[in-house]
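Take a look at this single chain, the form predicted on its own, given in structure tokens.
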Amino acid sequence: MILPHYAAKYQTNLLDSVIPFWVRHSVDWREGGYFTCLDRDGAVYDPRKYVWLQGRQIWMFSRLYNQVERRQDWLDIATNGMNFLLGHARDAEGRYYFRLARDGRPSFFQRKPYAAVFAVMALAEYARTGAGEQYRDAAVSLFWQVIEWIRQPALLGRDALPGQPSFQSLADSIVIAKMALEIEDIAGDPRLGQLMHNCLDEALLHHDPANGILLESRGGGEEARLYPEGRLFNPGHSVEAAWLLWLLAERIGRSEQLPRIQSILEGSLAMGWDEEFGGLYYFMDIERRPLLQLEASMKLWWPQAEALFATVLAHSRTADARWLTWLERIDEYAFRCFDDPGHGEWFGYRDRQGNLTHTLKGNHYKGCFHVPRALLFSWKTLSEAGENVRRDA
């Protein structure tokens, strides 16, 4: 059977290559937290700490401890990051910095809520290790604070300007979905159910039926398509949103939306895939007009990783052969172009033709998250699907 083959492949890549790379090279036992700017062999080329990547790595090692094996070294790594995060990442008003010096001194404040988003996820998952109820309470409290920051950007110093188009971002709906799926079982708050329903509905307002995808921005009135933002399609983000919305719809009992979500996933893969050279593009304009992002045609690690799990999830839920076809295509490209058996982990950046453009394994955007999360989720989902097949036989 093909499913056990992929499950074993992802388990091995996760536990023998990806996670050992971050264990060996990223943990700063002296000052706390994690280095993420790592070259191919793990050498640190920037010692500063990027807060959203601190939260992501705490979440990752906590999840490994909670769902794979209760290894003390994994818990110690998560605790090292959590102590650093809580000790240095917030200002006097509770807002999260984007970047810190190695020793935790503030270095840059981005005025966006995304560093705090991953702090919510980190706190919630770390709480499940048995660390204490205070982490659960902190996760829930910060979750509602992030909601307010998203609704009122001026609270982070991002006042709307009169000439700014009135777009709503897909990212806002998706990060709310990410956080809600993480805290729903520990929140104990009746408001959360309605919020999750609203989040699903708002994300689906980004659906562009003509192309079968999710657009990055919606709104803006009749002039929306005059702006690049109103025409922007990020294949990896649309694919990631599809699997998140799939899980969200299952969680809140909105099965009537699953066919639509499946069509979004299929449309995003079809439109985003480079038929000549393989891989998902980084950015596209739905009218094929010029893009502001000069790196638009590049192939990045994270869209391919998100597509792996999205197709695994779709196939495990439906047993539809089209998802297996997509999985085989994405898996072949991702492991041929990004996996690095020599030093571990995945490379991050290639040009459209597939040539390696950077040797780095991590930077201020690439950390211990998209690849290990996709591998873990895929391995566990495929293993569960295999067990269900055996039980039904």
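In this text, residue numbers run from 1 along the sequence as written. Note that the coordinates shown come from a computational prediction; the quantities given were computed from them, not determined experimentally.
The discussion below concerns the form predicted in complex with a further copy of the same chain, not included here.
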Here the chain appears without its partner; judged in the predicted bound form, the stretch of 201-209, 222-230, 144-152, 257-265 with heavy atoms within 4.5 Å of a further copy of the same chain is 222-230
Verify the contact flag for P47: yes if a non-hydrogen atom of it lies within 4.5 Å of a non-hydrogen atom of a further copy of the same chain in the predicted bound form, no if not.
yes
Answer with yes or no whether G130 is in contact with a further copy of the same chain in the predicted bound form, where contact means some heavy atom within 4.5 Å.
no
So in the predicted bound form, is a further copy of the same chain close enough to F335 to count as touching (4.5 Å, heavy atoms)?
no
Heavy atom of A319 within 4.5 Å of a further copy of the same chain in the predicted bound form
no
Checking L244, L300, M121, L170 against a further copy of the same chain in the predicted bound form, the residue with a non-hydrogen atom inside 4.5 angstroms turns out to be L300
Which residue among G94, G253, P165, G188 has a heavy atom within 4.5 angstroms of a further copy of the same chain in the predicted bound form?
P165
Is any part of 342-370 within 4.5 angstroms of a further copy of the same chain in the predicted bound form by a non-hydrogen atom, and which residues would that be?
Y349, D351, Q353, N355, T357, H358, T359, L360, N363, H364
